[in-house]
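Okay, so we've got a single protein chain in two different forms coming up as C-alpha cells, structure 1 first and structure 2 after it.
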Structure 1
C-alpha cells in the first residue's frame, strides 16, 4: 500500500505536491461557494426592502394592490403568511412520514448490504432521485387527490414531498451507518443489549450528524419545489391548516408572483425567506449534532 521513500529529493517533491494540492483544494472550494455569495447578494439587493412585519403576518396581496403600490413608488403591501404556514404544515407532515420510513429503510439496507433485494431497493431509491418532480407530483395526484381526498389537499402535497425526500434520507442513513466501526455495534451485542436498543442508543446517536445532514438536505430540496405542489396542494388565498383542503406554499406563491406582471418583485423576497429558513434549520441541526458528540 504505502511505500516509504527515504530519498530526500523525492520527499521534497512530495511535500511540494502536497502543498500544491492544498492550494488547489482551497481555490476550488472558494470557487464552489462563489455562486452562493452572488445569489444571496442578488436576493438581498432585490428582496430585502420587501421584508417587514407585514411580510410575515399578512397573506399574499392581489395584483391590483401591487400595481397601485408600484405606480405610487411604494413597496408592495401584504405578505406571504399563507405560503409560510402552508410550507411549514406540509413539510412537517412530509417529515413525519419520510424521516422514520427513510431511516428504517436505510437501516434495513445497512443490515442486509449483501442481499440481492437490498441492492434492488437501493437502486430504486437512487433512480427515484432522478425522476422529475412533476412526475412524482402526478403520482401523488393519482393516488391522493383522485382517490383519497377527492380534491386538491395538503395531504397530497405532503405525500409528493415525502416521495421526494425518501431517496436522500435512505442513502445518507445507509452510508453514514456504514462508516461507524462494526466494533461499537458488536460491543453492544456482547453486553446483551437487545437489537432495537443498540440501534436507538448506539448507532443512531453516533451517526446523528450524518443523519441530520441527509434530513436537512431532503427538507432543503423540497422547500423550493413548485411543480409537484401545483398538481397536489394547488394553493390557497387563506391560511389553511386543514389536511384535506387546498393549501398554499411559499414556492406556489413564487409561481403566482412569477406569472403576475405586477408582483414579480416579490419573488426575490420570498426566495430570501426560503433561504433564511434553510439557514435556520441548518444552524439548529448543527447545534443538535454538536451537543450529542
Structure 2
C-alpha cells in the first residue's frame, strides 16, 4: 500500500516564515545603520562647501574675518592648516613612542603568559583602556607640562596620546601573536636562528596584518581626542612644529570653532576632514596588510 504525504503546505509555511524573518533582519539592519548614514550625509551636506585649497593651506581665521564673510554671503576665509600640521606632528611623535614600546610589551606578554609580572602588566593595560582620556591628559600635564617643558607643548600632547595608544597596541599585539601557529616559531629555532631574529623576521612579519590593525585602531582613537590636548598642547593660531611649544590640532580647532558662533561652518568642514582622514588610514592599512599576507 503506497502512502503519499503532502508536505507542500508545511513547506510554504516555512518559506513564508523565512522570508518574514529575512525582511525583519533587513529592516532592523537598516534602522541600525541609518543614524550613521544620516550623520555622514549631514557632515557632507554642511561641510563640503568650505572644502577648498585655502582650507588646507591657510591657518584658522579670526572672528572678524569670519563675521565679515558671513555678512557678505561668502565662504569663511582661511582653513585649518595649523590644526592639520599639529595633529600629524603629535600623532607621529606619539606613534614613534607607542608603537615600539607597545609591540615589545605585547611580545613580552605573549612569551610569558603565566608569569606574575605579565598578569600585572595585562591588568594595568586593561584598566588603562577604561580610564577617561581627560585623566590621562591630567597625568601628562603633571608629568610633562609642569616638570619637563615647563609649559604647554607638542611633546606633552604626544605623551598623552602615547599613553592612550599603548593599551590597544599591547593587547592587539599579544592576541595577534597567539594566533600564529607555534610550529612557525619552533621551525625557526630548529634551524638555529637566534631568538631576536625569529621575532623580527618570522613572527612579526607573519602577524603584520593584525599588528597594523591594532596600530590603526590606536591612531584612529587618538585622532579625535580633545580633552587631553586641552591640558597639554593647548593650541596655537599659527603652524608650530617646535616640540616644546604649544601646538594646535584639528579637534582643538573644532572646539575653538564651537565656542564662536561665526565659525559654525568650519566645525562641519573640520569634522568632515577628520572623518575622511580616518577612513583613508583604514583603506591604506588594509591595502598594505593585503599585500603582505
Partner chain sequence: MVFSLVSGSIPVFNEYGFKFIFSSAWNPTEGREEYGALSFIAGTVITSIFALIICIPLAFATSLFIGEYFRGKWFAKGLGTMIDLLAGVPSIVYGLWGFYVLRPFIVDLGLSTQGYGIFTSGLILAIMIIPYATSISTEIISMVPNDLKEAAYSLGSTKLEVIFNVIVPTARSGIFASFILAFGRALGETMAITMLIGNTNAIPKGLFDTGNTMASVIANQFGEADGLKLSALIAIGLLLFVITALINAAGKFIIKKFA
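All values derive from a computational prediction rather than experimental measurement. Residue numbers count along the first chain shown, from 1. Think of the rigid core as the biggest set of C-alphas that the two forms share within 1.5 Å after superposition.
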{"item": "Of structures 1 and 2, the one that is the form predicted on its own", "value": "2"}
{"item": "Identical rigid-part label for residue 35 and residue 127 between structure 1 and structure 2", "value": "no"}
{"item": "Interdomain rotation between structure 1 and structure 2 (smaller rigid part versus larger, whole °)", "value": "19"}
{"item": "Backbone CA shift between structure 1 and structure 2, residue 25, after core fitting (angstrom)", "value": "8.8"}
